[in-house]
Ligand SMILES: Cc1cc2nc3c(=O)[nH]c(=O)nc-3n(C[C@H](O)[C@H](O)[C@H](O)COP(=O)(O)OP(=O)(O)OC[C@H]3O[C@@H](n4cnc5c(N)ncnc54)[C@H](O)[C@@H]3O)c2cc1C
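Just the one chain here, laid out as structure tokens, in the form predicted on its own.
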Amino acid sequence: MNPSPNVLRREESPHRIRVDSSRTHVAEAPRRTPVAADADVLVVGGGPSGVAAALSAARGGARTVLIERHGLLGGMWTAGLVNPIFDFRKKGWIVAELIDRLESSGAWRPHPRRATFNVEAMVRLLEAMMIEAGVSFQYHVPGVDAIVESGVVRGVIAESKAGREAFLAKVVIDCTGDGDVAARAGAPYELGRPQDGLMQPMTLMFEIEGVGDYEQQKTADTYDQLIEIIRRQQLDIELPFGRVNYAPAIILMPQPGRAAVQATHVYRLNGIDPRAVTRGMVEARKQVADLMRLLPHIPGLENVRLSRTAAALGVRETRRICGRYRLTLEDLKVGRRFDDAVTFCTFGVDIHEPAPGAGVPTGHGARIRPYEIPYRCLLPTGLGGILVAGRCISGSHEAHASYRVTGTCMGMGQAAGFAAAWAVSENATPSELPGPELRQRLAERGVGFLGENRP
């Protein structure tokens, strides 16, 4: 029976908040926070690493809960419209299954360098896979704090329309991309490049339709065309990138006549500062509008039109949580292997210039060899009960620019979820697991690794 619409209601207020006299802080009274879930494994963040972590944990027999701040799974794939998927090949297990299922449903466009997916199909598939695995997932539930007892992470505090709630777990996996949970739990972290603390620029992806038979050959050629259009028409438009090999990228998608575009760049902003991200979104949307004035003048794109812009700004780099091992450019250059490896990476050092014109060497395009990522990079220093997966793992600015791509992040996630479930089954903490045996167990499940010749 529905309540009468005339019945007044009032939210319970178990605490009081007052503004201090300086108006620089508020004082909050002690309060009791209800527990919304008590799981074996809690995954915070439903992006590429988070969905893989939740699936592998649940398939490993752990009662698994995932909370996600957006209204869909997939993170940068879906809320961020990030195509293509880089470095997914030979990762095995859940990564391979995802690609196979996208392909079998007609939602995949194979390509040697730019393999892409249908975003809407990806959303539906990820939800189906989570339901099949028995993962309990909730949308619009951002984690805002960590619950820590004696150096062990016991869960997170979340804030949503339901109010402030606690999500408890035996193991927490931070898949926020920004290392939010680990940082709030007290883990040390690095931010930006050593020279000036600047991070890579952010990009707002957008999709276009009406592409027809057009297929981009080189980004540099497209850049030259845009510059000529601006010059010829005397337009007051300044491109947000130079003549580089990563923009503007017009990336064909499985749907005929549709493409994703990587072109906008906003600089000198901090992705964990909401004010900076807001400025970035506004500036990036203006850049999209400017680009849409130019693209129809490129031969083959005369009928192109904007389909949609991403709901989330593509943040390439923020916190790098300090772990028990720190990947460096030297590791990448020699193609280092590890006894406790959880996945591998073949993607190059892709540093989008953080400060054009500053004259600071970036290391972009440094020569590397395929390398492995050790389990120790997923274990934050000084904390128990927590793993990190995705671009926030332990590594240098240069190494991060390689392993941050979504195929590699998903490889980390499937390993983190498996490790978490194994730790729960042994009544152990993740740091107590033997790394070489973890590698072996992952290999038995089809996870791919590099050769055994370790330098």
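Numbering starts at 1 and follows the sequence shown. Here the structure is a predicted model, which means the values were calculated and not measured.
Beyond the structure shown, there is the form predicted in complex with the named molecule, which is absent from this document and is the topic of what follows.
The shortest heavy atom separation between F86 and the named molecule in the predicted complex is within 4.5 Å. For R326, no non-hydrogen atom is located within 4.5 Å of the named molecule in the predicted complex, even though that partner is not displayed. The named molecule is not drawn, but in the predicted complex it has no heavy atom within 4.5 Å of H397.
Shown alone here, G242 lies farther than 4.5 Å from the named molecule in the predicted complex, counting heavy atoms only. Figure note: of the listed segments 71-79, 219-227, 301-309, 91-99, the one touching the named molecule in the predicted complex, with heavy atoms no more than 4.5 Å away, is 71-79. The contact with the named molecule in the predicted complex, taken as any heavy atom within 4.5 Å, belongs to G177 out of P248, G177, G280, G155. Scanning G335, P254, G143, G385 against the named molecule in the predicted complex with a 4.5 Å heavy atom cut-off leaves one residue, G143. Scanning 377-393 for heavy atoms within 4.5 Å of the named molecule in the predicted complex gives A389, G390, R391 in sequence order.
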